[in-house]
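Next up: just one chain, as structure tokens, the form predicted on its own.
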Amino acid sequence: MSATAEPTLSRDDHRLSSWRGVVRQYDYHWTVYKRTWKSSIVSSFLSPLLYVLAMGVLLGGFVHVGAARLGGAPSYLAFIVPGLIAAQAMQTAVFETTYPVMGALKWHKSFWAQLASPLEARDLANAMLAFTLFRVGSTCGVYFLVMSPFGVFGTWWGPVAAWPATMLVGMTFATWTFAFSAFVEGPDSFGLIFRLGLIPLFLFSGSFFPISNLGPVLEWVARLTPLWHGVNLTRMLCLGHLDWPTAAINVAVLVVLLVAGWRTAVRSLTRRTAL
């Protein structure tokens, strides 16, 4: 009597659906965050709020210009708050997708261990980006709540609508930064992001002053940056002065960049882990 051969199961037979793979991997990030969240209080919440108070309240007390020169904002504080929240979304997203990605690939190598399971590179990228969305949303949400008593919002619905706009800004930067982090070999390359990308965008994309002050040429350069689209969209929503055609362009630019960045991030991590 011949023995019956056992069926051999390949990795494809154990492959998870996209949704199940993301949920399983997201639980890992959430578990780690529950143990380390206290370390992010200062950098994610306290420092940005103190920065707004210093720049908007203290320094803003010396800024006496009309609303026409502040994009319709009744005060410098009302002008600067939406810009700084959008900029904080960018910074939070970049911080969450630089060293954490590099660590998972190069130092503690958790990505490699997770890939030994039915999870795929696509699942790892999507889960980390989903967790980054949570971090951006929670950070910006606290921002909006704390600044509400200062009377900087033109309508009650403004900050409610601006909150997902800031998450759109953050995820636009998160996807491209993730792709870059998965591509480079070491953390030395992150200096390019911080010095040549993050800081200039933070200073010259309309967060602190209208980009018209930059002059005609640099003004159009600023309009080409994704942060300006995010700042402009967030500010219009917060002030209640919504220019629908401009807002549609802002959203379209960010969505296109987000989708292209997500595809690039998944492809970059897939190639890196296939070596």
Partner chain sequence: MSAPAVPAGSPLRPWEGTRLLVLRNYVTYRRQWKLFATGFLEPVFYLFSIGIGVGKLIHAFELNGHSIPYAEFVAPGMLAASAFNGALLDSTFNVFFKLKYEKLYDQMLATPLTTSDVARGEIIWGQLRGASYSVAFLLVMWALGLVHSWWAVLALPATLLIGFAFSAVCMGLTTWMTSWQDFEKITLVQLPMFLFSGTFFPVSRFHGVLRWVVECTPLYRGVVLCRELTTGALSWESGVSVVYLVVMGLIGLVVVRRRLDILLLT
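Numbering follows the first chain given and starts at 1. Since we're looking at a predicted model, the values are computed, not measured.
Another form, the form predicted together with the partner chain, is not on view; read the next lines as being about it.
Only one segment in the set 154-162, 167-175, 129-137, 70-78 has any non-hydrogen atom within 4.5 angstroms of the partner chain in the predicted complex, and it is 70-78. Shown without its partner, this chain lists L53, V221, L242, A248 as candidates; in the predicted complex, only L53 has a non-hydrogen atom within 4.5 angstroms of the partner chain. For the chain shown alone, G141 is not a contact residue for the partner chain in the predicted complex, no non-hydrogen atom being within 4.5 angstroms. The partner chain is not drawn, but in the predicted complex it has a heavy atom within 4.5 Å of L58. Under a 4.5 angstroms non-hydrogen atom cutoff, the partner chain in the predicted complex lacks P149 among its neighbouring residues. Interface membership of I199, defined by any non-hydrogen atom within 4.5 Å of the partner chain in the predicted complex, is confirmed. In the predicted complex, L192, R195, L196, I199, P200, F202, L203, F204, F208, F209, P210, N213 are the residues of 192-213 with at least one heavy atom within 4.5 Å of the partner chain, listed from first to last.
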